[in-house]
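Two versions of one and the same chain are coming, encoded as structure tokens; call them structure 1 and structure 2.
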Structure 1
């Protein structure tokens, strides 16, 4: 029976699989290099001061500039301001609700209603962004008779909410029970215990969660398209249509004239997203130590 054992074949198979795993892992990482490389080389030319201070040019002016061999005039200031305003508004809506709701879930682990809410949070997190976009269109844009930055912010807030809920819940669950007990034992009230002891202790992880939620939605296009619509001017009126960086990319991606601008906008967005991502990781590592 033992003579059927073929050690060489088994060891070669094992080595072969190891090699295959390594090669496929390398293949998986190649697109990152390609994507970042492509966006960088296409986008770097146009990344200048005017790019972040001027709004998008019209196609005609851009065409003239290209014919004269110049850089495209204008930039994506309208997108940057729009993204900024909508992110702030979305954060104002989503962060307090998300943290309170996450606290609720962490405090009521075995309650049926909490379990139900937990499933609904998963449901919300898994809902495709385009659906959130058109639902906000139905609930906000139609009743208010117009596209607006507020509508866009609400859509982004709905996307951020489950992420913040989950990270708050996880962060609070990591805290030892003794922390809460000792605060209560010292006579701290329930509300004070949570606001002054538990949440501050978990603030590092919660902040990381918020950062990741921001980085997730800053690149979202689908929920903005039918809510904030887009606008070619820089303005601060949140009841008016507004643009955002990903929205500009989406609107002009197959416009041959504005292509350099699209690549630069992508580079700008990519740097921003990766920067937030990496900072979130660093903060998370620090707060764990």
Structure 2
């Protein structure tokens, strides 16, 4: 009799907790659904081929188009090109440094210097992006006497570093010790063991961390404002001011005539970030298998 009562209590408790978790999950997803729905339905009207391939329109042409009942001409091509260039440059800077630093932390986890570097990495990860932008402005923009895509890339690279370092460190820590011991026992040097055995074995998780780092910085506005400044034209000169999609969203918001483009630019950025995150999930699942 007592066993039956206990089993009934456990069943009721289990179902109650399951219902509570499901309810909280639904409540948590409601804001996300409303945000995505609002951005989608407001931005889908102007999201077309011209919006992706044309540079930012000026206020005068946009005002004429609105008065004639037409869609605002132009788009965010300058922001797309600028974001692409700065992300590529930032990745070139951050990925090698981040992987090397993460490898050092994983291989020297009990070293005092490694512990200090690990603490500094956590501190850098928690630093507000606007402070990073101001520091890069003082270190790069002022000495070079001008805003540029290079300065913007350095700011984004600094923000990407902690995520790449942590993903590399954790990926290497998950590898069995027998993998390294087997390589060393077969006569491989310590350097070749890391480069040809450990890093390739953890490449899936490391690449996932890189993609997550890219998705983390692709929506940043403050550091780009202080370093790359922005540009209304499409160009490929990395030593000149350059725009990005988040920066264009901020500029559209500050211009009452161009405010309708905020939603379309936000939708494009949201789709891009979603694509990166889905790719990271797929790569992570394949690496686990």
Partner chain sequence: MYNIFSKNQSFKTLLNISAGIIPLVCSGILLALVLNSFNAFSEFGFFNFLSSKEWNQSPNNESYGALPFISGTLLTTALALVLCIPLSLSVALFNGEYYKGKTISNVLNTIVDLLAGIPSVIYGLWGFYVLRPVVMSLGLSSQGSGILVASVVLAIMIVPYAASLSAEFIKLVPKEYKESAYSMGATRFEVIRYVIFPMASSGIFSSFILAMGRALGETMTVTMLIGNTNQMPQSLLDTGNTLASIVANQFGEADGLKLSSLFALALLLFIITAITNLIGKIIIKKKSISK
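Heads up, when I say rigid core I mean the largest set of C-alphas that superpose within 1.5 Å between the two forms. Numbering follows the first chain given and starts at 1. What you see is a predicted model; the values in this text were computed from it and never measured.
Q: Given the two isolated forms of this chain, which one is the form predicted on its own?
A: Comparing the pair, one sees that structure 2 is the form predicted on its own and the remaining one is not.
Q: Tell me, please, whether between the two structures the C-alpha of residue 69 is shifted by 2 Å or more, with the rigid core used for superposition.
A: Not so; residue 69 is displaced by less than 2 Å.
Q: Inspect the rigid-core superposition and answer whether the C-alpha of residue 239 shifts by 2 angstroms or more between the two structures.
A: No, the C-alpha position differs by under 2 Å between the two structures.
Q: Is residue 271 one of the residues whose Cα moves 2 Å or more between the two structures, with the core superposed?
A: Residue 271: C-alpha displaced by less than 2 Å between the two structures.
Q: Taking the rigid core as fixed, quantify in angstrom how much the C-alpha of residue 13 shifts between the two structures.
A: That residue's C-alpha is offset by 11.6 Å.
Q: Once both forms share the same rigid core frame, by what distance in Å has the CA of residue 28 shifted between the two structures?
A: Between its two positions, the C-alpha of residue 28 lies 2.6 Å apart after core fitting.
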